[in-house]
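So this first bit is one chain, no partners, the form predicted on its own, shown in C-alpha cells.
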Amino acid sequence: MPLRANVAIIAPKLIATAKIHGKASAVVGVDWQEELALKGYWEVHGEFPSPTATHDALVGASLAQSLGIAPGQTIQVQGQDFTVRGVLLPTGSDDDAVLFAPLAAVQTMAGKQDQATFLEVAALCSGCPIEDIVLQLQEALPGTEVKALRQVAESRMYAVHFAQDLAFYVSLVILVTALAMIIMSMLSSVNERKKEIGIMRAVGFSRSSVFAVFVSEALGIGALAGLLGYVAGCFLATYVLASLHLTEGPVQLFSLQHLLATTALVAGAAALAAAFPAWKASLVEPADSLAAV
C-alpha cells in the first residue's frame, strides 16, 4: 500500500451482545492503546484503562445510568469479571450506549478468536488523499467494505435533512387540510345560521360587525386549538425522547415564547380561513333570511 505511511491508527473492534446486570447490552472489544489514541475527544468520569489492561472496562453514559454502574465497580459479563475504570461523559453518539472492554476478552467471550467486526483507520495528517487511501485499502483487503468517515457523515446528514424536509411537507399538508376543513365548517355554519344572521342584521348589526363575529369565533377556536396542541406536543415529544433513550435526564421542551407564537400562528391561520365564510355571512340580507320565518 503506497500510502501506508499516512495511516496513523488502526483500531480493531469486535461487537457482541451480552447480559450485564440481567439486561442485554452491546459490548465492544477494543485495543485500548489504539482506541484511546483514536478517541482523543473522550472525557471520562473516573479514569481511562491502562493500554495493557486485560479486564478493565469503560461504560457509556446512558448504559451506566440505566444499569446503575459507577467507576470502580466490578461487573460480570458472560462469566468474566471486568473492573469499570470510568464512565464516559455523554458524546451524543452510539458510544453512550455500549460497554468497551479489551478486544481479546470479548473475542474469547464471543468465541471469535482473532476476529473483528470492523476496523477504524485514522489518517492523522493535513491534506491526506482520503479517497486514494480508501481505494488502496479496498485493494489490500478484498471482500471488505471500506468507507471514509466523511462519506458516512454526509449520508447521515442527508438522512437528517430528508427527515426534516419530510416533516415540514407533512406538516404543510396537514395545515392546508385543516384550513380547508375550517372553511367548509364555517360555510356550513353560515348556511345553518342564516336566520340568526338576518335577525342580527335586522336589529342593527352592520356587515362589518357580522364579519367580525364569525372571524372572532374562528380566532377563539384557533387559539384554543393552538394552546392544546402545543401542550400535547410537548408531553408527547418528551415521552418519545425518553422511550428511545435519546436524551440524558429530564428534558425541558416547554417554552412560553414558543407557546405564544404557536397559539398566535394557529389562531391567525384559523381567522384567515374563516374570512371567506365570514364575508359570505356579511352578505346575508335581513329580508331574504326572515322571509322564511
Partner chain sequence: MQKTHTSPFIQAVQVSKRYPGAVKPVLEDVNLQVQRGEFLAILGRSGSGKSTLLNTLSSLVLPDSGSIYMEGTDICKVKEKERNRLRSHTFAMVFQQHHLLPYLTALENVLLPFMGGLGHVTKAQRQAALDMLENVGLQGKENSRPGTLSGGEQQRVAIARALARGAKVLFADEPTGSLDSVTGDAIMQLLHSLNKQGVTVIMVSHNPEYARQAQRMVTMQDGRIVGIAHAPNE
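Each form is matched to the other, and the largest set of C-alpha atoms that superpose within 1.5 Å is called the rigid core. Quantities reported herein were computed from a predicted structural model and do not represent experimental measurements. Positions refer to the first chain, counted from 1.
As for the form predicted together with its partner chain, it is not shown, yet the points below apply to it.
Though only this chain appears here, would Ser189 touch its partner chain in the predicted bound form if you measure heavy atom gaps against 4.5 Å?
Flag for Ser189 set to no.
Just to confirm, Arg85 within 4.5 Å of its partner chain in the predicted bound form by heavy atoms?
No, Arg85 is distant from the partner.
Is there any non-hydrogen atom of Gln80 lying within 4.5 Å of its partner chain in the predicted bound form?
Gln80: no, not in contact with its partner chain in the predicted bound form.
Using the partner position in the predicted bound form, report whether Ala223 sits within 4.5 Å of its partner chain, counting heavy atoms only.
No.
Which of Thr177, Gln164, Ser171, Ser206 has a heavy atom within 4.5 Å of its partner chain in the predicted bound form?
Of the candidates Thr177, Gln164, Ser171, Ser206, Ser206 is the one lying within 4.5 Å of its partner chain in the predicted bound form.
Consider the chain as shown here, without its partner, and state which of Leu89, Ala202, Met184, Ala104 has a heavy atom within 4.5 Å of its partner chain in the predicted bound form.
Answer to the contact question: Ala202.
At 4.5 Å between heavy atoms, only one of the stretches 207-215, 93-101, 106-114, 70-78 reaches its partner chain in the predicted bound form; which one is it?
Within 4.5 Å of the partner lies stretch 207-215.
So which residues in 182-199, when you check its partner chain in the predicted bound form, have a heavy atom no farther than 4.5 Å from it?
Sequence-ordered list: Arg193, Lys195, Glu196, Ile199.
Would the C-alpha of Gly204 be classed as shifted by 2 Å or more between this form and the one not shown after rigid-core alignment?
Result for Gly204: yes, a 2 Å-plus shift.
Establish whether a shift of 2 Å or more occurs at the C-alpha of Ser25 between this form and the one not shown, with the two forms superposed on the rigid core.
No, the C-alpha position differs by under 2 Å between this form and the one not shown.
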